[in-house]
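Before any questions on binding or motion, here is one chain by itself as structure tokens, the form predicted alone.
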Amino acid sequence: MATARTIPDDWYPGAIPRNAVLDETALIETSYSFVPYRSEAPVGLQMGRGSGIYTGTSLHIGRRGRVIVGNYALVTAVQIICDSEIEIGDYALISWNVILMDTYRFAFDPAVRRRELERVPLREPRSITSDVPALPIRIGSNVWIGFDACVLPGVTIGEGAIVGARSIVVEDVEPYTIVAGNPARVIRRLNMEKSHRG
């Protein structure tokens, strides 16, 4: 794409970055979502057919980060923190105030954190440059993540799974499973034979 694009009637005077590849039917409500966006990858954001990123979503995508949003996926007021890759499958529903983070961005060692925090005010713009490993997140098709949930680095959520509101997901979730809690645990398994009847 040759130039950055603006959004008609956007309240914020920003633009969609050149390396955001959007299907013509995809929706981004405001360019304000891109304020923390730093991706220099050839494709930093990819959105499929009919997908939507709605007001309140913040795309904290680092220099090497990449986010893929599948067809007809709905992302509402979500904090996406990505230094590697976050993939959201087709027909996924990601609710308000969910946090998807493939990195902690700061080291666990307090001395290393302290040194980095002392350097942040000296940078323009202010930014974190800690070299902390990132682990991709994979969210399957037809997944529903309830509000205020947090998905931590390296987690895969299988197709058709449901994550309860305010859950902290620290390990993989099997397909067609409901999990909830902190840490999220299996509540029950979904009977897909009944759900596909007519």
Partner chain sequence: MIDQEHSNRQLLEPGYWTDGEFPANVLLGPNTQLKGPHIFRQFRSLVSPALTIGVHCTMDGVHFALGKEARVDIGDYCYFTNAMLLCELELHIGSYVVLGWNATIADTDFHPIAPAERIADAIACSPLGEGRPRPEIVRRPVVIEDDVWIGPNATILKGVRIGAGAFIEAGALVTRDVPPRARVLGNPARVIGEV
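Residue numbers count along the first chain shown, from 1. Everything numeric in this text was worked out from a predicted model, so none of it was measured.
Just so you know, the form predicted in complex with the partner chain exists too; it's not on screen, but the next bit is about it.
Name the stretch: of 163 to 171, 130 to 138, 42 to 50, 62 to 70, exactly one has residues whose heavy atoms fall within 4.5 Å of the partner chain in the model of the complex. Of the stretches listed, the one contacting the partner is 163 to 171.
State yes or no: in the model of the complex, is some non-hydrogen atom of Thr76 no more than 4.5 angstroms from a non-hydrogen atom of the partner chain? Because no heavy atom of Thr76 falls inside 4.5 Å of the partner chain in the model of the complex, the answer is no.
Taking the partner chain as it sits in the model of the complex, is Glu159 near enough to touch it, meaning that at least one heavy atom pair lies within 4.5 angstroms? No - in the model of the complex, heavy atoms of Glu159 and the partner chain never come within 4.5 Å of each other.
Leu152: touches the partner chain in the model of the complex, heavy atom cutoff 4.5 angstroms: Result yes; Leu152 sits at the interface with the partner chain in the model of the complex.
Check whether Tyr104 has any heavy atom within 4.5 Å of a heavy atom of the partner chain in the model of the complex, and answer yes or no. Within the cut-off, so yes.
Residues Asp10, Pro17 and Leu93 all lining the partner chain in the model of the complex, heavy atom within 4.5 Å: So, no: the whole triplet misses the partner chain.
Need the contact residues for 117 to 144: heavy atom within 4.5 Å of the partner chain in the model of the complex, sequence order, or none if there are none. Leu117, Glu118, Val120, Pro121, Glu124, Arg126, Ser127, Ile128 sit within 4.5 Å of the partner.
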